[in-house]
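Shown next as structure tokens: one chain only, the form predicted alone.
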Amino acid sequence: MISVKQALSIIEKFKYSIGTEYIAPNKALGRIVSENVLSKTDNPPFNMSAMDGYAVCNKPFNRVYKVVGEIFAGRSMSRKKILKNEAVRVYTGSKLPQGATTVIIQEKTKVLDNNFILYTNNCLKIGQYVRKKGLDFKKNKTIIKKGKILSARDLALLISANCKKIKVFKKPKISILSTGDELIFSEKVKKDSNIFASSLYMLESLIQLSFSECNYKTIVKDDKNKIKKELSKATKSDIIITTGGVSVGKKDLIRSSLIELGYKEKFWKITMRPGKPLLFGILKSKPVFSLPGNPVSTYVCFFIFIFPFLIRVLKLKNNYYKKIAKLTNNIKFISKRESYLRGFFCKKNNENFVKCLSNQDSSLLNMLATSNCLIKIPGKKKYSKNMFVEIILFPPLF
């Protein structure tokens, strides 16, 4: 067996890339930009009115302007230039005529006879209510930097910048194989001997939250020929994840099936709790993570090993959120292995606290759902109330 640190180091040394692709901005929510994005236009693309009112180029001596035209948003005036003592009726978003320096809001004017208006204020502030061309951003300037996870706000920015296609990292495509004669899909009718394949659906969700996609998932019976057939099929994906069948029991057939398919084993078994039987290797150049079948073990192994691997493939910064917190209760058991215990973190009076949940059995999903962090406990160490421990907070929706 190897330590968690050694296992992470082995996984990190495996260099893996899945490439990039071009997509339209309206399809890019949650995608990761693989290069700096430059604007294709100025924004605003022209000098624009910020209010309803009148565009002018000067302040006349008697504060009276002759109205020589009207421009609605999306339209332009046939006479392009505005002269001294002239005004053009404009609206929010209107393109300003050439020479216009200021917009007088309509509340500061009085309409006179014969297309004249009176400016009712004494002071004319040059540039007021004018959104100048390029005020937001200039053409050929970086608007989004490489590595950004695109938000809804970013999509609006990209479309405003006239970016028709953007270069993003491809989403890793991942196959999930859950093994076990007892497992069934959630939509099936459950018999006395059946168990719903909860880990399968949990993994699918975790993959989606990790900027990847599950392109194939299946339940495989404890039959070596069927397992080998599904593993071979899964090599069409970028990454393979299996659950169950990875320990040393009579029905634990994953490792032997992989060996018969010619995979290169990197490690098997880790001095951790839960997750000891974790296996990692390469099958036809594709990384294979074989996780224990109990749902908590599956979750912890994904979070500690697969999530950082995916983050690295996508060139993102590590999203682990580590903190030091004070225990609010005693941890009653001691393990020889490094343990990752389910806990509940909270903050009071600017101080971090964490409660170790009572039952740490690796089959208990209720305890996993109640938790919001993992408490990292080194092997053979005893921790009591008020001692400080290292915790890892779960990312949103994990």
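Position 1 is the first residue in the sequence shown; the rest follow in order. Every value quoted in this text rests on a predicted model; they were computed, and no experiment measured them.
One more form of this protein should be noted, the form predicted together with a small molecule, which is absent from this view; the next part is about it.
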**Prompt:** Taking Gly53, Ser76 and Val88 together, does each of them reach the small molecule in the predicted complex with some heavy atom inside 4.5 Å?
**Reply:** no
**Request:** Tell me, please, which stretch of 136-144, 304-312, 93-101, 179-187 lies within 4.5 angstroms of the small molecule in the predicted complex when heavy atoms are compared?
**Result:** 179-187
**Item:** Ile195: touches the small molecule in the predicted complex, heavy atom cutoff 4.5 angstroms
**Value:** yes
**Asked** Is there a heavy atom of Glu230 no more than 4.5 Å from a heavy atom of the small molecule in the predicted complex?
**Response** no
**Asked** Contact between Asn294 and the small molecule in the predicted complex at 4.5 Å, heavy atoms?
**Response** yes
**Prompt:** Looking at the partner-bound form in the predicted complex, is Asp238 within 4.5 Å of the small molecule by any heavy atom?
**Reply:** no
**in the predicted complex, the residue from Ser199, Ser210, Ser257, Ser290 that sits within 4.5 Å of the small molecule by heavy atoms** = Ser199
